[in-house]
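A single chain, nothing else alongside it, follows as structure tokens in the form predicted alone.
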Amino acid sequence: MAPPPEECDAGLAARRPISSILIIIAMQTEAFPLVNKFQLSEDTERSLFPKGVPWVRYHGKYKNLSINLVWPGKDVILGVDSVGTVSASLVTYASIQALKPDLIINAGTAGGFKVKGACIGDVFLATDVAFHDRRIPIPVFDQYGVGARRTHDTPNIVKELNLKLGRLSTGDSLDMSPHDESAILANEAAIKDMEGAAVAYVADLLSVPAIFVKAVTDIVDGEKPAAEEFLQNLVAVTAALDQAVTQLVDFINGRCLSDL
């Protein structure tokens, strides 16, 4: 019996050179170095997205790749970066629908856990993602709330690039409540952020492979307040993130999904 058409399509896609990458990134400070690195141009028309949303798209060609970098822009009322899972979910869905990427890279900063070996400036490639603040204490709904997912398998990237590996846990707060802490421990997370699992959910829903690159700005189980350490290290750590994403994109160029 022949395999279903969708399985054939997936197999062909895995063996076809990657031509289109979508980079989802939450903050302007994190986005600009990559925009400059890849010489991307801002889409001033914003015609791909619904009227009135603040989402910003940068696009261009880099080597053999078409790159789209999208960030959720500034909150229209408060003027701060639109961080968090809601914005990440919406912009990921809209970008996949409009741009039909071969691969998503969710790049950004994160808190790290020293008990898992994280240090300021480390860059992690996430092996798994899950939520830590969706508590639904009803059988099966509890698993839905955690939303654990494996990321796209990248054994050759792991061999080639000097990135740490770890599980990523996502929540909508920068700090960590006792409830969050117990959930993060259950998730066995090495890093925590505010977008990754939301991006993973949408990417999985729409069958687009996604990988997650996170640079550590603050030590969650350290002695300094997370917000203070985050702001102190953001610019310097973003440079490490920029370097890692550039190396990653260079590695992807000319390769197929099955080569990653």
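Keep in mind that what you see is a predicted model, and the values were worked out from it rather than measured. So that the term is clear: the rigid core is the largest set of C-alpha atoms that superpose within 1.5 Å between two forms. Throughout, we count residues from 1 along the sequence that is shown.
The same protein also has a form predicted in complex with another copy of the chain, omitted here; what follows describes it.
Think of it this way: in the predicted bound form, another copy of the chain has a heavy atom of just one of Ile219, Val53, Leu65, Val208 within 4.5 Å, and the residue is Val53.
With the partner omitted here, the residue from Ile120, Leu161, Ala94, Leu125 that has a non-hydrogen atom within 4.5 angstroms of another copy of the chain in the predicted bound form is Ala94. Contact annotation for Thr109: none of its heavy atoms lies within 4.5 Å of another copy of the chain in the predicted bound form. At the 4.5 Å threshold, heavy atoms of Ser87 reach another copy of the chain in the predicted bound form. When contacts are judged by a 4.5 Å heavy atom cut-off, Met194 counts as touching another copy of the chain in the predicted bound form. Among heavy atoms of Glu188, none comes within 4.5 Å of another copy of the chain in the predicted bound form. Heavy atoms within 4.5 Å of another copy of the chain in the predicted bound form belong, among the stretches 223-231, 210-218, 34-42, 57-65, to residues of 223-231. Contacts between 178-214 and another copy of the chain, taken as any heavy atom within 4.5 Å in the predicted bound form, involve Pro178, His179, Asp180, Met194, Ala198, Tyr201, Val202, Leu205, Leu206.
Annotation for Thr44: C-alpha shift under 2 angstroms between the shown form and the other one, rigid core superposed.
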